[in-house]
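Below, in structure tokens: the form predicted alone, a single chain.
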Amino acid sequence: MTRKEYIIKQKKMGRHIFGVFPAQYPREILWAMNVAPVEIWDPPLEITGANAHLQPYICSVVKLGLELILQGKCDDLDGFLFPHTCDSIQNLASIVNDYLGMEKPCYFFYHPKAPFRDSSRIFYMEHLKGLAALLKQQLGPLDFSKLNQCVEQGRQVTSLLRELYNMRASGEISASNVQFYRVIRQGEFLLPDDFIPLLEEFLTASKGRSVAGPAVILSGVLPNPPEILTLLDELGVRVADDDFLSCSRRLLVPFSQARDPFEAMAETYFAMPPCTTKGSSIDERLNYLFGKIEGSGARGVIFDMVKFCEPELFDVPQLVKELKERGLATLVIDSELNQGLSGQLNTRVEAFVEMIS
């Protein structure tokens, strides 16, 4: 079932559909309030109108999200949620809410940034409860028993994803790189009732030995352009783990034992792996990367960068320098979303794979 077909199905079942911009947000609150959140990362569109509203040096995550709205492909949505992931997405929120005349509810969610203090936790808890209070005006009151169920479903999703990642890191998964991320990314729009069975089925079907080629770590915002996964499959390279914002950074979080659902969601946020969107230090990110490298036996790191993504690009030079000093191979790819791999990039990836082989 395609994303569009799934949205239509959920709409017919009486659910509200929200467009959610990257990256981390309290999805359990939306699930509990009968909302199907549909994340907007990299819709396959040609940009025709967004450039008139944005500077030329804005990342294509923001450009494509705005283009999706301008082309009328969000007309059937019941609202938008804008997390304060970066300055560009916050500015996009202002454009959509204040200048486009969308006449759809726009909600905003603000994350505290590192270094964290006791006040950071208070701030986050207040924003969780504040979002629920704002949504109540459109969707009705939040059912706390339902919220507890949704928090538990979130734990189930995380547990299954962690099992998949562990299998892949140890070379015990037969799925290709393309297949792996195709399944993982369906969590961007599937509700847990549908995503959990899909992950369970994929786990069972994918048990086996991985390809025998060299292993690498992918780092960046999201696995795009998708052609890089296809090329790595063709070259016999195993993506042993990732440091993607859209994947492991926000999905593989430790469980919270808190009984209060708001406490559990807060603990989950502060336990997220190091990330540029949290203001994590270079040392934290390096330790996180080295842990993945040691746990998977990866021989190098490919930084798959979205062009003009400032939070990520600020860190990359220092990460590359430290990795090289420790004898690890690195490759930095900087491209627009959905633009494919040029002949030059193709050659650079092939040369990198030959080097680590």
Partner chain sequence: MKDLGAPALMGISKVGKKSRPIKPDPHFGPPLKCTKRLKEIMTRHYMLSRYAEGAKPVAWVTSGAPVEVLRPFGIYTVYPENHGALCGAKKMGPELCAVAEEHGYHQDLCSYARIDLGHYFSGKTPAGKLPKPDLLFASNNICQTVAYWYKALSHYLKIPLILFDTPYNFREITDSDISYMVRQFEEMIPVLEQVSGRQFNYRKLQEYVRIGKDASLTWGEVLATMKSRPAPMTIFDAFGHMVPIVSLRGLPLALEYYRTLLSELRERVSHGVGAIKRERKRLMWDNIAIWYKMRDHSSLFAGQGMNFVTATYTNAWAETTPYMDENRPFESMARAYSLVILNNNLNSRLELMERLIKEYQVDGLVIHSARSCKPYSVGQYDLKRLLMERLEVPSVIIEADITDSRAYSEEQTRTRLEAFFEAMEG
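Quick caveat, the model's predicted, so the values are computed rather than measured. Residue numbers count along the first chain shown, from 1.
Quick note: we don't show the form predicted together with the partner chain, though the next part is all about it.
- In the model of the complex, the partner chain lies within 4.5 Å of some heavy atom of Asn91.
- The closest heavy atom approach of Leu54 to the partner chain in the model of the complex falls within 4.5 Å.
- The partner chain in the model of the complex comes within 4.5 Å of no heavy atom belonging to Leu64.
- Although the partner is absent from this view, Leu313 contacts the partner chain in the model of the complex, with a non-hydrogen atom inside 4.5 angstroms.
- The single contact residue among Asp98, Asp193, Asp75, Glu201, judged by any heavy atom lying within 4.5 Å of the partner chain in the model of the complex, is Asp98.
- Contact with the partner chain in the model of the complex, judged by any heavy atom within 4.5 Å, is made by just one of Ser120, Ser174, Gln156, Gln71: Ser120.
- Contact with the partner chain in the model of the complex holds for all three of Ala114, Ile282 and Glu322, each having a heavy atom within 4.5 Å.
- Residue heavy atoms within 4.5 Å of the partner chain in the model of the complex occur in exactly one stretch of 287-295, 35-43, 22-30, 302-310, and that stretch is 302-310.
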